[in-house]
Structures are given as C-alpha cells and as structure tokens.
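A single chain, nothing else alongside it, follows as structure tokens in the form predicted on its own.
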C-alpha cells in the first residue's frame, strides 16, 4: 500500500512539473501588462512562457497591447488600427500600474522577443486583430526559424489561426475558445476538436469556465492535440488542472502557480 501511495505521489508530481506555466501578458499581476518590464519580471520569476497580445498599426507595424485602443493602459485614447507605431510609443504604458513603471512604452514585437532567454522558455503570440497582420508577422519572425520551438501563435479567430498556420507552418498554432459563443450558446467541444484537427492546428487553449474533467482532457489529447487553460490565478484550480494533465496554464501570477505546483 505504501509503495502504491509513493508511486501515485510521484506521478502527480511529474504531471505538475510538466505543466507549462504561461505568464499572462507577462507577469501582469505585478507589472504593467504587455510591457518589456512585465516580460522580464516573468522570466525572473521562473515562468515557462509569456503570453503577449499583438495588433497591426496604421503603418503596417506590430504593436504589443491587448485592447483595440490605448485608453485603459495609458489614459490617452488612440485607436491602434488608426495610429502609427511611433505615435503609440509616445504614450506611457506603465504609470497606470505603479509609478515605478512610469515611462514604460508600448513595445514592439522585436523588443518583446528580445527578452526571451535562449533555451526552452517560449512566447505565446496572441493575434488580437484580423489576418491582415499575418504578412507583417511572417516577415518579423523569419529570423526566428532556428528558435521555432520557443514561439507559438494563439488566436480566437478561426480565420486568423488557419492563415497563421498556412503562412508559418514551422510554428505551433493553438485555437483559443471560451465555453460559450458570442450568442451565449455552449461551444460544441466535439466539433471544435474535429475542426481544429482538420485545419492542421496543434491544440486548444480553453477558458477557465469550461467544464474541465479528466475525460475532457483525454478527448483532446486522443485527437492528437495539445490542451492549455486560461486565465487561472487560483492555486487550487491550477493544481486540479495540472492533475488532469493539461499541457499548460496561463496566469497573471506565475510565481504563485509555480509554488502551487510544487516547482
């Protein structure tokens, strides 16, 4: 009996250890989201990965921020699609979080990726706009082919995910999904799995409100897909998901989850 207990403990510990901890918009619990400061802090805290959000600007460049406009994180209203990258970078994207981050700019993709240590850690690049950004993204990522394992793309939009995989077949692409459609109807997991697989995508990144279970995780993995969960800040829920065998968990608090998973 004791031997069996030890084996079960070791198995659970292995699952927790193999669960990738993804810092949501960087270490956004403590630092201003989607900034170089947030990404650097996440790496310092031992995150396995960082997630960032990207938009295409009016001059065809890529800006790193979540919203369609800058008001929430800078206090100044500029619509990203109608602004140049240079104009966006005149804004202060750090002071809203803490005065010590005053002067943090909206970063470029290159600045963000430059924080990534060489090794096994990686960036999840969430495309927040439409497929029109894919050509610019493809050009910017060309030099990253030797480090392909350190990047992946995530997107809610089916069109964006498919177009990204077509243009960047050397990168993993995961489909994001909430548990409900915009019309508040339940998302059909079976149909989502089948479509994701048929489109040649690599996995699903699902919201915390799905009815998570061992059977659900098994279904996704048996289809040959990876499975990730977002955005989890509760240590108990994180441990439960790790024990179910999810491949990764996105969180605002990477240090807290790292501790919860015994890392």
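Numbering follows the first chain given and starts at 1. The structure displayed is predicted, hence computed values, not measured ones.
There is another form of the same protein, the form predicted together with a small molecule; it is not shown, and what comes next is about it.
Proximity of residue 66 to the small molecule in the predicted complex falls within the 4.5 Å heavy atom cutoff. Contact check for residue 144: every heavy atom lies farther than 4.5 Å from the small molecule in the predicted complex.
A residue is said to contact a partner when one of its heavy atoms sits within 4.5 Å of a partner heavy atom; residue 53 meets this definition for the small molecule in the predicted complex. At a distance threshold of 4.5 angstroms between non-hydrogen atoms, residue 96 is out of contact with the small molecule in the predicted complex. Scanning 113, 176, 134, 129 against the small molecule in the predicted complex with a 4.5 Å heavy atom cut-off leaves one residue, 176.
Heavy atoms within 4.5 Å of the small molecule in the predicted complex are found in one stretch of 87-95, 186-194, 150-158, 165-173, which is 150-158.
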